[in-house]
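Heads up, the chain below is alone and in the form predicted on its own; it's given as C-alpha cells.
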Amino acid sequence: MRGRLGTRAVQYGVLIFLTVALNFFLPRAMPGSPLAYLAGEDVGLMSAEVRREVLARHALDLPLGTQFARYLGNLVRGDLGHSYQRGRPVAEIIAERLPWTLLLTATSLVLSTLIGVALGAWAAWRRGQSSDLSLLLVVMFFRSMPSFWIAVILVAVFAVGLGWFPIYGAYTPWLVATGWERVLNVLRHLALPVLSLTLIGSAETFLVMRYAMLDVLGEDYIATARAKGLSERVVLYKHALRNALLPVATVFMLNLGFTVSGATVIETVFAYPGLGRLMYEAVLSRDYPLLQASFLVVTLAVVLANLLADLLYPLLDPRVRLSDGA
C-alpha cells in the first residue's frame, strides 16, 4: 500500500508540474495581448517606447523562460500575482469567487448523485418495462442537450415567463437584508443554476447506475439470494444496490475534483460570480496571472480528488485491497 501511494505521489507531482507549465505557456500562446488592460483606452496612441515601458513594468518583456522561472519562484512563496484587469491580488479575487462556485457545484453534485442513483436503480429493477424505457428516453434527451440550451430554456420559462426566480447574479445587489431574508435571496438566485447542473449531472449518474445495476442483477449471488427466499426489497437494497454503487462512487470522485472549476457555461449564462465565470473573464482580458491561478486551483482540486479516490476505493471494494496485497 505504501509503495502504491509513493508511486502515486510521484505521478501526481509530475502531473502538477506539467500542468503548471501548461498553465503558464498556453495563455501566452493565445492571440491578443493584455496591453489594453494594462495601459487603458489610450493604448492605440502609445509610442513604442511607452509600450516597452509598460511591458517591462509587468516583466512581460523578458524571455518566456525567465518569466516562467519567476512564476515558479513566486508560487513557492505563495504569491499568485496581481490581476492586470482588476489591479488586485489574484488570491483575494479567487477567495471571493470560490465560495460561490463551491455552493453552486457542490449542491448540484449532491442532488444529481442522489437523484441519479435512485432513478437508475429504480429503472434497472424494472428493466424492459415501459417506465424504464420512458425514463431512459427522457434522460438521454437531457444528456444530449448542450448545457447552455438547458439553462436558456429554464431562464425563459421560470425567470422570464413565470417570474419565479431571478435571471442573473448570486444575490440582489441593492437588497439590504440579513439573516434568513438574505439566505432566501441567495437560494432564489441559486435555484436555476443548480437545476441546470442537476439535470445534466443526474443524467450521467443515472446511466452509470442503471448499467451497473443491470450488471449486478445478472450475478450469481443475486440468484442465490432470491433462492434463499429473501424479499425483493432486501435483494435490491442489501445485495444489488451496494455493489452497483462502486462505479457511481468513481464518477462522484471524478466530478468532485471539477467542482472547484465550476460550470463556466452555466455561470456565464446566469452571470453567476463563480470561478468558472472568472476564468471566462480572464480569457477575454488576457489576464495571465488570473488565468494561471484559476487553472492552478482547478488542477490541485482534481489531483486531490483523485488522490482521495485512490485512498477510499480500497475501502469500498475489497478486491482492490486483495490486488494490492498480492
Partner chain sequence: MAHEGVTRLGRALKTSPPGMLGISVLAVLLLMAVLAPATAPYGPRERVGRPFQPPGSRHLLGTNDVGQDILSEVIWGARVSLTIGIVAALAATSVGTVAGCAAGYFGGLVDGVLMRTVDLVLVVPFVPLMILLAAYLGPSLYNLVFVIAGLMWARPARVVRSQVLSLRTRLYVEAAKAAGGSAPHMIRRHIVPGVLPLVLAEFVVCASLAMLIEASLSFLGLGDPLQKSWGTTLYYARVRGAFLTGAWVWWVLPPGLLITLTVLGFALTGFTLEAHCGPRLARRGAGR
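This one's a predicted model, so the numbers in the text were calculated from it and none came from an experiment. Residue numbers count along the first chain shown, from 1.
Another form, the form predicted in complex with its partner chain, is not on view; read the next lines as being about it.
*Within 4.5 Å of its partner chain in the predicted complex, do L111, L135 and A223 each have at least one heavy atom?*
No residue of the spot touches its partner chain in the predicted complex.
**OP:** Counting only non-hydrogen atoms, choose the one of 180-188, 114-122, 211-219, 90-98 that falls within 4.5 Å of its partner chain in the predicted complex.
**Re:** Going through the listed ranges, the match is 211-219.
*Looking in the predicted complex, any heavy atom of L308 within 4.5 Å of its partner chain?*
No, L308 stays farther than 4.5 Å from its partner chain in the predicted complex.
4.5 angstroms heavy atom contact with its partner chain in the predicted complex for L22: Because a heavy atom of L22 falls inside 4.5 Å of its partner chain in the predicted complex, the answer is yes.
**OP:** Flag V155 as yes or no: does it have a non-hydrogen atom within 4.5 angstroms of any non-hydrogen atom of its partner chain in the predicted complex?
**Re:** Judged by the heavy-atom cut-off of 4.5 Å, V155 is in contact with its partner chain in the predicted complex.
Query - Partner proximity in the predicted complex: G201 to its partner chain, non-hydrogen atom cutoff 4.5 Å - result: Yes, G201 is a contact residue.
query: If you look in the predicted complex, which residues in 129-156 sit within 4.5 Å of its partner chain (heavy atoms)?
result: Contacting residues: L137, M140, F141, R143, S144, M145, P146, F148, W149, V152, I153, V155, A156.
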